[in-house]
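Only one chain is shown below, in structure tokens, and it's the form predicted on its own.
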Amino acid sequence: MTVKVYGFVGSNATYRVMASLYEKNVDFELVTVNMAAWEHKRPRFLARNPFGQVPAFEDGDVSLFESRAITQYVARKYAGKGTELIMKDPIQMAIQTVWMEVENQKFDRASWKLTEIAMHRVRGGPELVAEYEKKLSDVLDVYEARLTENKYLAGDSFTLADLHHLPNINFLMETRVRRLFEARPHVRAWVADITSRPAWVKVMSLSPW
């Protein structure tokens, strides 16, 4: 059966899942959810994700939601295909998990708030922008130190720890926040590397912007 992703082009969380599928060379169907028509709040979609958020995911009898959980399923289910996105060694996997948690708990919180402000989804004056730029800068300082020692966050190979950053980074690099990434040479090189991966370029080729 065809893998299905219920989301839409332009959704950061949907992009995250699509990137993982392209990295693993897994064919899938993107089923567009019309958010403007509130399709994500209708019973048919809520049966797939009771929180009414995209994406939802189906692979045969498997039904999932939450983008980071979906990418981990994809990485493990299709371990023999495409890019190895999960470390096999238990110690390396623990290190990878640390950086996946950092992305989710530290990087995403600051970067997503700045994304929302830039998209005018929330009101944000200079003080709020400065607050979240400081939070993001603190995270990027840690990344700069980490990437001085390793090519990627989890080690010397690209993993989900890096992939999960891509949607927010991609957006912020088109805003004034770009300077925070470019001010740190190892972070700058890492961003250039992961955003130029063929799987991500393929995702972005679908973007309407």
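Residue indices: 1-based, along the sequence shown. Since this is a predicted model, take the numbers as computed values, not measurements.
There is another form of this protein, the form predicted in complex with another copy of the chain, and it is not shown here; the text below is about that form.
Remark: none of the three candidate residues (Ala130, Tyr152 and Met204) comes within 4.5 Å of another copy of the chain in the predicted complex, counting heavy atoms only.
Screening 153 to 161, 171 to 179, 65 to 73, 25 to 33 for residues having heavy atoms within 4.5 Å of another copy of the chain in the predicted complex returns a single hit, 65 to 73. For Ile91, a non-hydrogen atom is located within 4.5 Å of another copy of the chain in the predicted complex, even though that partner is not displayed. Though the partner is left out of this view, Ala183 does not reach within 4.5 Å of another copy of the chain in the predicted complex, counting heavy atoms only.
When another copy of the chain is considered in the predicted complex, Val98 lines it closely, a heavy atom lying within 4.5 Å. Residue contact with another copy of the chain in the predicted complex: Lys106 places a heavy atom within 4.5 Å of it.
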